[in-house]
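The chain that follows stands alone, in the form predicted alone, written as structure tokens.
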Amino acid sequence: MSDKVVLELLSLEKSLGLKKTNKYSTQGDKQVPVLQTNNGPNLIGLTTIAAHLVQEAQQKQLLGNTAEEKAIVQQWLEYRVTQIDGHRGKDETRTVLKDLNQYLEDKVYLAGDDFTLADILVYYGLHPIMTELAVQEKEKYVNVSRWFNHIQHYPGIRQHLPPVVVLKNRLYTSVH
């Protein structure tokens, strides 16, 4: 987890336009990220550090604009850490994708009408999963695939990650 999460945080810094890169380390068996601050206590945990970076970049809209949006962003940040990062095996991965697919059926972004930190971190968390899925499997999760493709093409987000081919071109025939 450590190298992957540190790369995510560095990419997030860059996408937020932060000029100075922070010092990161990890702690414990699960390699939880730690931001080493100069003038205060260290910050621990992916979502805590990410929210801090958003505040530092003065892009608070990425945390949600209303109380409800802020709660939904927090919910998806927690989902990233507990469900996506915590999944064990193919069955749990399928459950995560099925749940997300259903949720995204009528949504462009995770927390409503606007792009948020939840979209960024869930995208980063799903990237290795989406990379490993066959095209046919991605087609089963058409809403996740649509959302994922949209986020990976959002300016400045993908950065260090290779692009993922999401859906193959479909040929439609007219049936009369």
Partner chain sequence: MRLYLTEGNPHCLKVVAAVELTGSRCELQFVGVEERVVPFLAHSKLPCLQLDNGNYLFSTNAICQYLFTLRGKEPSDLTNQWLEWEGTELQTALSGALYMAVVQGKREEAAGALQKKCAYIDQSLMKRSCPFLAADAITVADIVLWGALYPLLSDSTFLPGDLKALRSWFERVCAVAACRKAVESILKGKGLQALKPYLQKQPAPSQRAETPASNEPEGGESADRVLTEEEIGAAAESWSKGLSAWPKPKPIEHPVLPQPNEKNVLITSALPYVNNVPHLGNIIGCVLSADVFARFCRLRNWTTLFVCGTDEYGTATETKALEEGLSPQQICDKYHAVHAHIYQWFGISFDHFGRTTTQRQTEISQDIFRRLLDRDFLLQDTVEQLRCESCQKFLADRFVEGTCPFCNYEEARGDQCDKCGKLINATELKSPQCKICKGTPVVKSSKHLFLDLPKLEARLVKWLEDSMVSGNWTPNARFIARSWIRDGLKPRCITRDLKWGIPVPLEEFKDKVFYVWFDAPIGYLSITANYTDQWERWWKNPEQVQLYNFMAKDNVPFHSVVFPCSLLGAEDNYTLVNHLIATEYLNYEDGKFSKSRGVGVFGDMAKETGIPADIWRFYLLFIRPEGQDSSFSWSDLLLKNNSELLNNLGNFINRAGMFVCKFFEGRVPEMELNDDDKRLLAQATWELRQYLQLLEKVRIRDALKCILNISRHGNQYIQANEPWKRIKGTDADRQRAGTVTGVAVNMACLLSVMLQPYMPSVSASIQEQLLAPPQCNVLTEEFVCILPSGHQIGAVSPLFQKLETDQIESWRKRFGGQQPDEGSANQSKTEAKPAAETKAAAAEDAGKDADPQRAKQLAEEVTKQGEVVRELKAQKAEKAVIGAAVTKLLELKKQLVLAEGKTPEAPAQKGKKKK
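Positions refer to the first chain, counted from 1. Just so you know, these numbers come straight off a predicted model, no measurement behind them.
Omitted here: the form predicted together with the partner chain. The next part is about that form.
- Remark: A51 counts among the residues lining the partner chain in the model of the complex, judged by a heavy atom distance of 4.5 Å or less.
- The partner chain is not drawn, but in the model of the complex it has a heavy atom within 4.5 Å of Q74.
- Heavy atoms of N42 reach within 4.5 Å of the partner chain in the model of the complex, making it an interface residue.
- Residue contact check for V32: one or more of its heavy atoms lie within 4.5 Å of the partner chain in the model of the complex.
- Checking Q58, T131, Q136, Q27 for any heavy atom within 4.5 Å of the partner chain in the model of the complex turns up a single hit: Q27.
- Applying a 4.5 Å heavy atom cutoff to the partner chain in the model of the complex picks out no residue from 108-130.
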